[in-house]
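First, one chain by itself in structure tokens, the form predicted alone.
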């Protein structure tokens, strides 16, 4: 459970992690040292995993987003480990989820164009056996954020 000050710090850092600690402290009404200690504590606790730069996909030539739904007929631990290992070789896969429902896995893939997606697809199916692969190309990105909602962080976690 995070207190109000911690949540304020996290809200600011999620928007701009390059702000000096003194500026963060000023925005939330804390002096530099207590603010820095709180940030250090959040890092030590693993609440803050890392600080990164967010890139514009179009400016680095990966402006096409593809959602890839994968179904497998093989649900063994060995296959799953091979699948995870195979996907490590694909930097185009920026998100990877095991799902409930009709599909088993969902990937978010970024590539420059459809031709490069086809190349990605052929590399993928050559690495591991899959029952079904379905691809959906994003036409427009309506909302994108890396900022997590912090209101829930004030609540006790349910067992």
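Numbering follows the first chain given and starts at 1. Not measured: the values here are computed from a predicted model.
Heads up, the form predicted in complex with a further copy of the same chain isn't pictured, but that's what we're talking about next.
Would you classify residue 90 as touching a further copy of the same chain in the model of the complex, given a 4.5 Å non-hydrogen atom cut-off? Within the cut-off, so yes.
Whether residue 31 contacts a further copy of the same chain in the model of the complex should be assessed with a 4.5 Å heavy atom distance threshold; does it? Output for residue 31 is no: heavy atoms all beyond 4.5 Å of a further copy of the same chain.
4.5 angstroms heavy atom contact with a further copy of the same chain in the model of the complex for residue 98: Close contact exists here: in the model of the complex, residue 98 approaches a further copy of the same chain to within 4.5 Å, heavy atoms only.
4.5 angstroms heavy atom contact with a further copy of the same chain in the model of the complex for residue 22: Contact check for residue 22: no, nothing within 4.5 Å of a further copy of the same chain in the model of the complex.
Any residue of 1-22 that, in the model of the complex, places a heavy atom within 4.5 Å of a further copy of the same chain: Counting only heavy atoms within 4.5 Å of a further copy of the same chain in the model of the complex, the contacting residues of 1-22 are 2, 10, 13, 14, 15, 16, 17, 18.
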